[in-house]
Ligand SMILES: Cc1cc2nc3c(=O)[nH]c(=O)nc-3n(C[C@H](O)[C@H](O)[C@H](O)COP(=O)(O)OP(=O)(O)OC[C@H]3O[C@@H](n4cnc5c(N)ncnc54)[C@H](O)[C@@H]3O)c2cc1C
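Below you will find one chain, with nothing else, as structure tokens; this is the form predicted alone, and questions on how it binds or moves follow later.
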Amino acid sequence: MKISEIRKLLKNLISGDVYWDKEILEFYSVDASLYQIFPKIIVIPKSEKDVITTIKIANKNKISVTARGAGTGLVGNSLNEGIIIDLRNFDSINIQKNFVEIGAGVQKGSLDKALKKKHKFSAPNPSIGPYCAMGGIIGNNASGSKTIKYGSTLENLIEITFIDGKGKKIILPQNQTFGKKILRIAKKIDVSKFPKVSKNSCGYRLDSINSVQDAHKILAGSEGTLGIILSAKMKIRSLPKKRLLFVVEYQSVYDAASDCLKISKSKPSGLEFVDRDTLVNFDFEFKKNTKCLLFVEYDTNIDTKSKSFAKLVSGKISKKITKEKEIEKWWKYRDLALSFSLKSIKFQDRVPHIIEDATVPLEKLGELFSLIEKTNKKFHTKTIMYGHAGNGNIHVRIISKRKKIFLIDEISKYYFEHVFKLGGSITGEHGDGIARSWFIPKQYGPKNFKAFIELKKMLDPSNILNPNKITSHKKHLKKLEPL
């Protein structure tokens, strides 16, 4: 069937909206990455039936379907050339005592406001969380500053409802048949090849499937390649009664890394890092020789932590904050790190996000900083660093002339080869997308990659769901946005 006929068929059969105007296709051809892929059709479904119909038509006509939330992905996760299915209408929020049921299109900011009224919160909190859609948060296995205590999305999932590549509605872990199939595949993996890190969004997390009751976790970090998520149930918690935030200055990133090991044992609810290029944007006068900051928050045993914290750190405690409004003000500084980095890097010096999300075991954090330094020297680049120090997850923004973009492959190979040696993962929370999927076989080895392909074929036998991601060997699909 011709694409023009598919467009008309979808227009006639679904109750939602179907677009193929040039301007709208152009809008959906980009996200927060530097990649651009033009789709052929945009579908904005109103119902579960619309999603099923779209997938069945796509399956019959061998055209891809890629789910899109808010388009905040940094590595081209939601870009493809077939049908883009925008789930904005799936925006229901149903709050219960210990969990919340949310539609895939719910924005995290809306969820946070609704939960706050009930004195609750949801643990995954990406720095641009208010603008992220929950389907994307699940699809990337997003985390954030609270992961050190409360876990990533994967650890907070209870149930997922999705449509597979054949148009079948599946609820996991309720569906025992599919649960058993997923478990059988999970038992084939070589667990030793999975990095021993506290955050990992690379490949399919088959290492998290220990029973049929874990089957739903496989959707976390799957980037819409195994199914179109409609809704999910996630854990929620009571807001802490008190919080305590320390901001600590360091003259060396290696001293900060060393302190992170000691601090992590004191069970903080947040342990974050920003470098000098980021902290100069803060409305506060730090020492001239300050190279980086650690943000350390506690939300239990405040009095004890307040008295004992100074013994844990070698840096200078520049702020000790207990007032809620001031704590939020300082976390806002941390959350704006991405924005500050973009402001600091001229457009012509921005290159695709590829090495920006590696995670290593916490005891290797100092070695990761050393690797970043060696990478800059080897390739004559500069970097801006910030991230989730307590999880060994440092975001790295490369500054290099776009005319040298051919270096990106070489930088990535060098950097990830050393990340693997450190026992790390190529991505802690941003996902594989266009940028990193071709490194997955190198991270996990042939046995695990074979299991990934088997899982993909089981849930999406025609390979129509967000193809060329995770189980693809292709690299850097399509092109960058025009210069």
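Residues carry their position along the shown sequence, with the first being 1. Bear in mind the structure is a predicted one, so any value in this text is a computation, not a measurement.
We do not show the form predicted in complex with this ligand, though everything after this point is about it.
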### Message
Considering non-hydrogen atoms and a 4.5 Å limit, does this ligand approach Leu87 in the predicted bound form?
### Response
yes
### Query
At the 4.5 Å heavy atom threshold, is Ser269 in contact with this ligand in the predicted bound form?
no
### Query
Quick one: does Gly136 come within 4.5 Å of this ligand in the predicted bound form, counting heavy atoms only?
yes
### Query
Would Gly392 count as a contact of this ligand in the predicted bound form, using a 4.5 angstroms cut-off between non-hydrogen atoms?
no
### One residue of Ile398, Met385, Ile228, Leu362 in contact with this ligand, assessed in the predicted bound form (non-hydrogen atom, 4.5 angstroms)
Ile228
### Query
With this ligand left out of view, which of Ile102, Ala142, Ala358, Cys202 would have a heavy atom within 4.5 Å of it in the predicted bound form?
Ala142
### Summary
Note: this ligand not shown here; in the predicted bound form, the stretch from 314-322, 289-297, 74-82, 179-187 having heavy atoms within 4.5 Å of it is 74-82
### Query
Heavy atom within 4.5 Å of this ligand in the predicted bound form: which residues of 428-465 qualify?
Glu429, His430
